[in-house]
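Given as structure tokens, the chain that follows is alone and in the form predicted alone.
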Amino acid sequence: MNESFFQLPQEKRMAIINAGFRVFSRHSYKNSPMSEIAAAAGISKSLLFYYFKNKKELYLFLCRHSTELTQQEITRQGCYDREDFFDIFLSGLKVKVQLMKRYPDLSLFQLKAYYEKDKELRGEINKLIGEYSGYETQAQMLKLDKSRFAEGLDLKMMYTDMYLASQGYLWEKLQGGKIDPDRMEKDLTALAEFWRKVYSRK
């Protein structure tokens, strides 16, 4: 990508990023025209191609940017400094809700990317998912200490259960085309407290 993109005023960068999130979250990669992204960002199609040489480059930039942005905010706000796994989950949820208010389509974009089947992208998306969302990576960051959980609990299965349930919640909301961040926070907080009762050591 053209490094001059990062020299744009923040407002213009945000407009392009949010336009990409919006269009790619509403269509498959193949059916997301660069002209629609440019129009949503309020710039010409040729200028968008000046910053990103093709649609794939823009899409993969948005994939990595959305993931890095989430991780940076979670780290900056000290979510991983907490001792209890469920407190980490809940504080991370609050960070994601804050991000959704700045980037309304970020979570839907990430969800669509997770399920994107385009052969041109799948390998690089899988690599990114493994880098940030894989169990081995998260187990260390989330401080999954067996002594804190129900005896004999398979922690990988627990993590998978929570991850897929959260993804499933977003997927259900995606069918309606929009996610209410405050409602999401309320619903997933209730679900996390349920998991705390089920999975914690008695």
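Between two forms, the rigid core is the largest collection of C-alphas that superpose within 1.5 Å. The numbering used is simple: start at 1 and walk along the sequence shown. Since we're looking at a predicted model, the values are computed, not measured.
The form predicted together with another copy of the chain exists for this protein as well; it is not shown, and the discussion that follows is about that form.
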{"item": "Candidate spot M157, L164 and F194, all three touching another copy of the chain in the predicted bound form (heavy atom, 4.5 Å)", "value": "yes"}
{"item": "Contact of Q175 with another copy of the chain in the predicted bound form (heavy atom, 4.5 Å)", "value": "yes"}
{"item": "Another copy of the chain contact at F49 in the predicted bound form, heavy atom, 4.5 Å", "value": "no"}
{"item": "Interface membership of K117, another copy of the chain in the predicted bound form, 4.5 Å heavy atom rule", "value": "yes"}
{"item": "Distance check, Y199 to another copy of the chain in the predicted bound form, heavy atom within 4.5 Å", "value": "yes"}
{"item": "Heavy atom within 4.5 Å of another copy of the chain in the predicted bound form - residue from L153, I43, L69, L60", "value": "L153"}
{"item": "In the predicted bound form, residues of 1-33 near another copy of the chain [heavy atom within 4.5 Å]", "value": "N31"}
{"item": "Displaced residue check between this form and the one not shown: F89, CA, 2 Å or over, core reference", "value": "yes"}
{"item": "Core fit, then A15 C-alpha moves 2 Å or more between this form and the one not shown", "value": "no"}
{"item": "Exceeds or equals 2 Å, Cα of E68 between this form and the one not shown, core fit", "value": "no"}
